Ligand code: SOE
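Just the one chain here, the form predicted on its own, laid out as structure tokens.
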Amino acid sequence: MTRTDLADTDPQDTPTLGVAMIGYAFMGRAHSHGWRNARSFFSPPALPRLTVVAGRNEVGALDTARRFGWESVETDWREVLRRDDVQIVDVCTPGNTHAEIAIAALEAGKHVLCEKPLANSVAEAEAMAAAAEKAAANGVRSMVGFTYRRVPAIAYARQLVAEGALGQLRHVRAQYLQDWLVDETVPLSWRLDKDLAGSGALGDIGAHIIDLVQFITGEHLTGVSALTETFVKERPTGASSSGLTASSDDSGELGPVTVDDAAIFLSRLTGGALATFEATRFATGRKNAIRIEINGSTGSLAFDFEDMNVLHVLTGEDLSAGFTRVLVTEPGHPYIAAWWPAGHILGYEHGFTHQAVDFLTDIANGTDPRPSFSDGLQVQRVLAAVEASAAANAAWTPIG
């Protein structure tokens, strides 16, 4: 029998980048899973080291660190930026802190991955994009965490559109439907506070479908006509840190909901296609339904995240046959070759691994990651236009 010391077999020419994650709750755990699995299934040109997780609640941060294998915990994110063993800062905090943390990290020479939406305002997003551009001149990279881009079926849809399989784009329909706020006794959380979250369903989930439509089509939105609504204007106080699950403090006190519960808007793409968007956390029975349909002159495609391994495709000369159900699990499909045999489906968590691998690859290769902070700024401008249009009773509002 022979004994092999694994330390002696590690690739000596593959650099390791220390990752610091700021935030430890729902998104922190999703990102942790992604970083942890990046080297297990892929072979990126740089490997992640789960160096430190930071959070004001030391008990919560320690729990995430122990579960996912982070080496240490800090309770002050500023201390993270002073550490020489950190090369990447992953920002998973509420939106009101994104600008301060990301800009400081970039100025400290750290590569930055920042959760979406990029900021709580256009002004903050502009400052972040400017800081990212300045840092890029010194080889410091940045990326926004629009993770759904990295669902294989979505990446495949973009490929089909880029190849011209749909012809001239004419219609786009995009929905993000959830129901976790239907119960009026669900208590307040940071996601329902405009000062912390920036907006409600619009920024939290609407930002995703805005980015997905622009990603798949390769075009931008030019203007919007929008309505928003807050159905439940007061809720019990007391909430969990994640903002997705919570229990009331039973005091009987109510606090104001200061964000939208739902947003709907019309838009037009730069290529002329008409587009409709709906983002709501009040679609009773819909848990996480991201629905995208694109109709072109020679074909169509349709996607629903609640069946995330499938893309419905219609292309070719005979359009009377209807859609073909494509199971996007073949080795030739985006990201799939690193995982399981065909038909062994992927889940929500896999997109975070793809995100980590893509970011590590871009850093190692010295290429600019996408979506960039400039991409995040463009989405932020759409969000601002939606809010402005809704405030003006659905007046058409151009996007800067």
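Please read all numbers here as calculations on a predicted model, not as lab measurements. All residue numbers are counted from 1 along the displayed sequence.
This next part talks about the form predicted together with the ligand, which is not shown.
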**Request:** Quick one: from Q214, Q178, N120, S225, grab the residue that has a heavy atom within 4.5 Å of the ligand in the predicted bound form.
**Result:** Q178
**Request:** Please pick, from I205, L196, I154, L269, the one residue with any non-hydrogen atom lying within 4.5 angstroms of the ligand in the predicted bound form.
**Result:** I205
**the ligand contact in the predicted bound form: K116, any heavy atom under 4.5 Å** = yes
**Prompt:** Any chance H111 has a heavy atom within 4.5 Å of the ligand in the predicted bound form?
**Reply:** no
**Message:** Does any part of H98 reach within 4.5 Å of the ligand in the predicted bound form? Heavy atoms only, please.
**Reply:** no
**Prompt:** Is S72 close to the ligand in the predicted bound form, meaning a heavy atom pair under 4.5 Å apart or at it?
**Reply:** no
**Message:** Heavy atoms within 4.5 Å of the ligand in the predicted bound form: which stretch in 170-178, 100-108, 295-303, 317-325 meets that?
**Reply:** 170-178
**Item:** Residues Y148, N288 and Y348 all lining the ligand in the predicted bound form, heavy atom within 4.5 Å
**Value:** yes
